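In the block that follows, a single chain appears as structure tokens, in the form predicted on its own.
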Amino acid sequence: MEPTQAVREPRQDRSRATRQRLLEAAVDCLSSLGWSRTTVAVVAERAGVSRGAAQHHFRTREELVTAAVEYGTEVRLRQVREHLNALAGRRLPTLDVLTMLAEMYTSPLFRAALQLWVAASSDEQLRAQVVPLEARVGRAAHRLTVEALGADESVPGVREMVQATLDLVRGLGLADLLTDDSARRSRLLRQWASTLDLALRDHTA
């Protein structure tokens, strides 16, 4: 290895580590502080880096928080996929799938994404960044849910049942924002699992 390459690689590693700390700190700030208080300076402080270092990676707050939500979502979806792959072809019970999805939508990441979505609803420039992100995230979550349920979307009505499932867990995530809604959520998930089992019984892949 050339000396210049040896120097370059540690620098690149440090740069990647700094970027990751910023992304994780941004999710944490959005979730706990909200949009208005999540500034580049606040995120940089929580990440333990200088504001200049933060702005080297992300020029604006909008760029930082959008990247943070995308990064967090990719990490979470990858973890879920790895869990499914570890099952080696065995299918999770429907209630376990719903519980796993509900955990995604009651997490700090969902709270952070919600702050971003609300801010984007009244900011045209931010909305232009968030709408494509939401579309990508929505497609990825849908594909993962289809896979986890073993659903056959070629059957009429099955795609709508999958989408209703995602709409349900997102709504349950909203219901959990202000108060602990876990007891009611558990009852609803059990009932919806029974409904899904009946609806998909003869239409699983």
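The first residue of the sequence shown is number 1, and the count goes up from there. None of these values were measured; they are calculated from a predicted model.
A second form of this protein, the form predicted together with a further copy of the same chain, is not displayed here; the remarks below concern that form.
Contact annotation for residue 172: at least one heavy atom lies within 4.5 Å of a further copy of the same chain in the model of the complex. Taking the partner from elsewhere, residue 49 is found to have every heavy atom lying beyond 4.5 Å of a further copy of the same chain in the model of the complex. Taking the partner from the other structure, a further copy of the same chain in the model of the complex has a heavy atom within 4.5 Å of a heavy atom of residue 117. Interface membership of residue 101, defined by any non-hydrogen atom within 4.5 Å of a further copy of the same chain in the model of the complex, is ruled out. A heavy atom within 4.5 Å of a further copy of the same chain in the model of the complex is found for exactly one of 141, 53, 168, 67: 168.
Within 4.5 angstroms of a further copy of the same chain in the model of the complex, the stretch 109-147 places a non-hydrogen atom from each of 110, 114, 115, 117, 118, 120, 121, 122, 127, 130, 131, 134, taken in sequence order.
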